[in-house]
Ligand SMILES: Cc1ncc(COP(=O)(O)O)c(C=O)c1O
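One chain follows as structure tokens, the form predicted on its own.
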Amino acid sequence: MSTFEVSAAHPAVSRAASIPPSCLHDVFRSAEAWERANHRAAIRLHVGEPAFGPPAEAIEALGAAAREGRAAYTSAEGMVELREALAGKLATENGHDTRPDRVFVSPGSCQGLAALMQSVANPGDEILLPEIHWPIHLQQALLAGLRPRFYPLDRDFRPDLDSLAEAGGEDTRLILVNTPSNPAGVVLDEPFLRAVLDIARRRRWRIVSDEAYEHFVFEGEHVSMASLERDVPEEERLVHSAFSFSKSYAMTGYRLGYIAVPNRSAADALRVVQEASIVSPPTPVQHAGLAALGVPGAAARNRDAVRANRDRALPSLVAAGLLGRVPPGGWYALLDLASTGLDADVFAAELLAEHGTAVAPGRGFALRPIIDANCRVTGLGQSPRSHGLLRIAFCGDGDLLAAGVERLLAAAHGGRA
């Protein structure tokens, strides 16, 4: 038994203390340590920080709100003006049947997702996550006291519909769907999402739809899952949706997102969680978000910039056999080192140490926690397919991305980093 297993199993250990830290933060700290030791910047392909910045209008609105004293508390749901604008955006752009009292502003979509999981299920209930998943989704589920189960993905990291219906059990209450996905950039089309929705309805699962990368679809179009329930009576709707300003408007450090819930009972439950956990979202940042929504073409220009990066740097990874295809969406590509025989953890560590290039090994995107009766983590396994996987971000500076990919390819072709 490892030290982690021993300490996590101790009766005095809290649920939160038993949960492992995210691999993404581990890599972030490693990159910072490398930079301090080498007195120069690393190429940061491990983190989704875009090369572009927020709209000038959002920056000005943030400062103006602070200068003019428009920084008092709002309701737990957020500013009425912002929620009205978001409800309009969801209706016209995403096809939702919604209204402002079904929309909640959150300090980042991460907090909104965590609150959502607390509000729609009870501790001990099961949540279905993709077998290769964003590590924060797993942490959020565990903090809410949910017991994760994992649904299989095919070789292209799409959910396996034939197996999905059997992936849940008697205690499964939720399924998380992420399109475009992190870490693989998979985009799920309307027929596929309808099939998932049909399965969820038959099994009586609620759906958490993480759509943070909605504006970054490079092939086809983004389909918001809640739009498929427009003709379903409100109280029978299943889809709870999460969105973010971090990606669409490059407002990563502003921490601004929003949640759309399907009906009044879901809104009542989420309101309580938000009242208890945030009191209200930060007001000047909400003014920035309202301004960003009013900038024509901002999200589309950012999408075009990320697509240009993808088309410039990633085809060489496909040609080298490290990437099955360029991702059709999102900010990330999931590489597979299986053809080289290299272990992703070792490769990533040596790529940073010897070539100053940080990438995220796939192990942390495929954890399989062992859970005790109190929903505490007592041990960790991982998906066997994760040993050769690496995630890289292609949303940053195009020249640095190209240089980092060249270093990665040279290390992989050399048989070691």
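From 1 onward, residues are counted along the sequence shown. As the structure is a prediction and not an experimental result, all values here were calculated from the model.
The same protein also exists as the form predicted together with this ligand; that form is not shown, yet it is the one meant from here on.
Exercise for review: Find out whether any non-hydrogen atom of residue 83 is located within 4.5 angstroms of this ligand in the predicted bound form, and reply yes or no.
Suggested key: Residue 83 lies outside the contact set for this ligand.
Can any non-hydrogen atom of residue 137 be found within 4.5 angstroms of this ligand in the predicted bound form? Taking the distances in the predicted bound form, the answer for residue 137 is yes, it comes within 4.5 Å of this ligand.
### Query
Any chance residue 274 has a heavy atom within 4.5 Å of this ligand in the predicted bound form?
It does not: once this ligand is placed as it appears in the predicted bound form, residue 274 has no heavy atom within 4.5 Å of it.
* Asked: Heavy atoms within 4.5 Å of this ligand in the predicted bound form: does residue 214 have any?
  -> Contact with this ligand, no.
### Message
For the interface check, one of 224 to 232, 242 to 250, 117 to 125, 315 to 323 should have non-hydrogen atoms within 4.5 Å of this ligand in the predicted bound form; which one?
### Response
Selected range: 242 to 250.
- Query: Which listed residue (146, 196, 186, 113) meets the criterion of a heavy atom within 4.5 Å of this ligand in the predicted bound form?
  - Reply: The residue in contact is 113.
Listed residue (182, 286, 309, 98) with a non-hydrogen atom within 4.5 angstroms of this ligand in the predicted bound form: For this set of options, the contacting one is 182.
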